[in-house]
Ligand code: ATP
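Only one chain is given next, in structure tokens, and it is the form predicted alone.
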């Protein structure tokens, strides 16, 4: 077992039948007791990831979709920024999904994300995703009205139906070479309060604060129930969830990096081999560059 798989494995959920959110501690830091040690390993992991991503891009067979979901202030943006800092931007695409536009509401809820699924050879990152449809829409069910779904289709099985549809969609992608890894950054309510106060107390962070975020805290328990049900119903072997402790950002970033490195390692990536004709062309080019013809 590699360092990456050993670190990420405790947080990986492939079968959610017995999943309980209370079994996961937002303040967990594994066997790490210092930020310095974790930071050193994170730098190593980022370097490893960059090398693997280069092969992913060159091989052009697999695509990797990383989905991030979390409560406000859990550190999604920071995790994406730090973990992906060593990746070639040419092979990485980040998409943030905000409140749906009028055009997006005129389509099914998967429509806007389907258009952003990564190409082969690319790493695609969803900062929030179609999972908002079983989270915020479930907690605030008045949002269903804006989707103008026929009333006869809004039944007591709506959320179960959406779970089934999402699982089918992810299974479809995996059968076409798009590997999916999903991250729930598990933040405690106490740590969220601390981070909100930091945003208020530090002028350079004021821009991050939104009064709406504080109002959402009133629905904290409803959100936790929704997250638990979501993970329980959409965790599969081909598309697992990682419940990543988020109270310590330095560990959050390391655990996310480990899961990504482990995933890329499992793909057995390699640079494409050239055929005989291509080797002849390369030899001819080498001969020309070494003096077969005068070069400037």
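Treat the numbers as computed from the prediction; the structure is a model and nothing was measured. Positions refer to the first chain, counted from 1.
Keep in mind that the form predicted in complex with adenosine-5'-triphosphate is missing from the display, and what follows is about it.
Residue-level contact is defined here as any heavy atom of the residue lying within 4.5 Å of adenosine-5'-triphosphate in the model of the complex; does residue 143 satisfy this criterion? Although adenosine-5'-triphosphate is absent here, residue 143 would touch it in the model of the complex, with heavy atoms inside 4.5 Å.
Consider residue 132 of the chain shown here, and say whether it contacts adenosine-5'-triphosphate in the model of the complex, taking contact as heavy atoms within 4.5 Å. Contact with adenosine-5'-triphosphate, yes.
Is there a heavy atom of residue 136 no more than 4.5 Å from a heavy atom of adenosine-5'-triphosphate in the model of the complex? Contact check for residue 136: yes, within 4.5 Å of adenosine-5'-triphosphate in the model of the complex.
Consider residue 77 of the chain shown here, and say whether it contacts adenosine-5'-triphosphate in the model of the complex, taking contact as heavy atoms within 4.5 Å. It does: once adenosine-5'-triphosphate is placed as it appears in the model of the complex, residue 77 has a heavy atom within 4.5 Å of it.
Could you work out which of 108, 72, 165, 222 is the residue within 4.5 angstroms of adenosine-5'-triphosphate in the model of the complex, going by heavy atoms? Only one option qualifies, and that one is 72.
Exactly one of 88, 99, 202, 115 has a non-hydrogen atom within 4.5 Å of adenosine-5'-triphosphate in the model of the complex; which residue is it? For this set of options, the contacting one is 99.
Quick one: find which of 78-86, 185-193, 167-175, 121-129 has residues within 4.5 Å of adenosine-5'-triphosphate in the model of the complex by heavy atom distance. Careful reading of the contacts points to 121-129.
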